[in-house]
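Coming up is one lone chain in structure tokens, specifically the form predicted on its own.
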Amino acid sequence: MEIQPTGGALGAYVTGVDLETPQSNEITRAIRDAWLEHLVLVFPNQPVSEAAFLAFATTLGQPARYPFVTGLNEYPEIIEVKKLAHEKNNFGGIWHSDTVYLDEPPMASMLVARDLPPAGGDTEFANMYRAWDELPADLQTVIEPLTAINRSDLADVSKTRSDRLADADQPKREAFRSEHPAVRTHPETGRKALYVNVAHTSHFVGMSEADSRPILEAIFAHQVRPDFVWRLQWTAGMLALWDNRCLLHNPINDYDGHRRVMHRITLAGDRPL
């Protein structure tokens, strides 16, 4: 197995491993260590079966159900993340950390590319360790003691789910709401990371939305600075694993008229501290 960093703000490519077959404990440990170091691991040319995808996921954590979309019939832990040729909104097409509106958000997400457009459909990732480290000191002082309120029903993110929720077989869910620290300490690395995002964070505990807005807008602009961001160009059969506890991601919606289908697994996390 070889691990090649991207040279950007985060991310590394992993080659020389076949994820269709079980990995040794040594390889699994090396993959986890590399993931914690690089935040995103990309495995090219891994068109794994659903069974192998799920098996690999379970070596890293406990697969968790996504609350808004029904999983595959035989593999309910796997959901389709798709945009069809006639649709305009892509699923989750906004900067966010997955389901931070839950009391215990997932620690990780995994995607494998099943059907890609001829061009476009890249995913951007932003390093929230660096965003915190390089936040101006006065703003660090303001936000470090704050608790953020996160919701699943904010308008900009809700519209990215509209096509999927229109399907008759999808569950009807009430909105979710959570309270998490605006600055999170990663439970495995001990590093601090910004833990708010434009998709889900509405305001801070003890402050109105109006009073919270200037602080949030400053953070939202800062946390996706170009020097914190790395962009992944997907290829068929590529598998990516990323850490929701210390980064944001943004799937780019630039392929109207074409189909894009990915399979996703999220891994259960703990309550942010």
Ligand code: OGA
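Here the structure is a predicted model, which means the values were calculated and not measured. All residue numbers refer to positions in the sequence shown, first residue = 1.
One more form of this protein, predicted together with the named molecule, exists but is not displayed; see below.
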- prompt: Looking at the named molecule in the predicted bound form, is some heavy atom of each of V81, H96 and P251 within 4.5 Å of it?
  reply: yes
Exercise: L10 in contact with the named molecule in the predicted bound form, heavy atom 4.5 Å: no
query: Is the gap between W234 and the named molecule in the predicted bound form 4.5 Å or less for some heavy atom pair?
result: yes
task: Would you check, heavy atoms only and a 4.5 Å threshold, whether L111 touches the named molecule in the predicted bound form?
output: yes
- request: Would you check, heavy atoms only and a 4.5 Å threshold, whether S152 touches the named molecule in the predicted bound form?
  value: no
query: Tell me which of 27-35, 204-212, 241-249, 219-227 has residues with heavy atoms within 4.5 angstroms of the named molecule in the predicted bound form?
result: 241-249
field: Interface residues of 118-144 toward the named molecule, as seen in the predicted bound form [heavy atoms, 4.5 Å]
entry: T123
